[in-house]
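Next up: a single chain in structure tokens, the form predicted on its own.
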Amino acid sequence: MLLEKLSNLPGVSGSEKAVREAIVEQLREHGLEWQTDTMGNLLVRKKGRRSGSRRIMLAAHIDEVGLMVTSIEKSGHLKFRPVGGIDSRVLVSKRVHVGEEQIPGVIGSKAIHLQKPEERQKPFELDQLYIDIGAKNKEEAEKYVQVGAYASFDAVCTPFGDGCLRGKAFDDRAGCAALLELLLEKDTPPFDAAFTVQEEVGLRGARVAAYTLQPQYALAVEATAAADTPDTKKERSSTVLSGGPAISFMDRTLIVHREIFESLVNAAEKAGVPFQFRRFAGGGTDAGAIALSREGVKAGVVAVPCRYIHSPCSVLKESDLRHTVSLLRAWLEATA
């Protein structure tokens, strides 16, 4: 399964090489042409564009949230800072891979037995955490890791429950898997695909990719937070698993162009694809940067609902991913 392979690879923002190479391998096997730009975006043109047809861009970001080593302590422990938005409360005791050599490590903190009563009443701050790679001192740690090295979560994508998958980086390897599936299909209408970098640190890659591809219409294919959990009231739930792909009407970076919004809804209804609306206007996606490229682009967002995003282990429903591909295909057939 494409998602499983892509999810397991390290690709923290600014260090997306492994994911990019895995996608290129699939493109090469199917005879598709691609190019990369200075930022590291991977751009693919699906052949078959007719003269005068609309220029359509689908974008999915290949980077994930993670950590970066900022110092090495005398004890051999690694201090770090987050790359992208991570809640420090989910980090303690999580396994990680550090650097290009994927050195195994674990995020440590002061044991509960050693904490003062007042320390137990609040979560650890980031500066109270560290990565332990089993080194006995700074000198030994420096043989394996240097300051500036990236750390990604050590998690394996695994099926579980009733048609669910759990793993890391579903934001946005789910979008990448959907986009790649469309590229590998022979009968998909022509479009431009952008596997973008550094989305998690400011939508940086998409801005450059859109400037190059010059689309008239664009969709960001994303993963979005599902809130169908016990701590969330139904009316406050942004999306739910098994509800199909989520169509956005706005977020922090974008008010979706009305033509795009309506065309997505119409395509889903005509094709009989289940869908839902993203009932949350926070966060941002590559569509926000794409919409502001050059003279402006009509842009929208389609997202796979996903629980616990930006954490070491996320959960999604395989049926939602399949229906996302179906919606994108239907929209392309109606729009191209």
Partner chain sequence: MKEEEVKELVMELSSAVGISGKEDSAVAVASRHLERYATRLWRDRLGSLIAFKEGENPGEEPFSLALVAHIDEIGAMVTRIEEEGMLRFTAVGGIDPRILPGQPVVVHGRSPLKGVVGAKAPHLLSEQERREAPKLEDLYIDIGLSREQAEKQVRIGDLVSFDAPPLAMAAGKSIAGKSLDDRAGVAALIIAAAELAAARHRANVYFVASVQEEVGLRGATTAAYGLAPALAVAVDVTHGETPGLSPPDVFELGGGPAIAIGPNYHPALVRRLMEVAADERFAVQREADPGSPGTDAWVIQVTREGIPCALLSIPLRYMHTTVEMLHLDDLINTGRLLASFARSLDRPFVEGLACF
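Source: prediction; values computed, not measured. Residue numbers count along the first chain shown, from 1.
Although not depicted, the form predicted together with the partner chain is the subject of the following passage.
For a residue to qualify, one of its non-hydrogen atoms must sit within 4.5 Å of the partner chain in the predicted complex; none of Arg54, Ser242 and Ala336 qualifies.
Here is the short version: of Gly76, Gly99, Pro189, Pro82, the single residue with a heavy atom within 4.5 Å of the partner chain in the predicted complex is Pro82. In the predicted complex, at least one heavy atom of Val69 sits within 4.5 Å of the partner chain.
Using a 4.5 Å cutoff between non-hydrogen atoms, Glu33 does not count as a contact of the partner chain in the predicted complex.
Taking the partner from elsewhere, Thr224 is found to have every heavy atom lying beyond 4.5 Å of the partner chain in the predicted complex. Contact annotation for Gln198: at least one heavy atom lies within 4.5 Å of the partner chain in the predicted complex. Looking at 141-158, the residues that come within 4.5 Å of the partner chain in the predicted complex, counting any heavy atom, are Gln146, Val147, Gly148, Tyr150.
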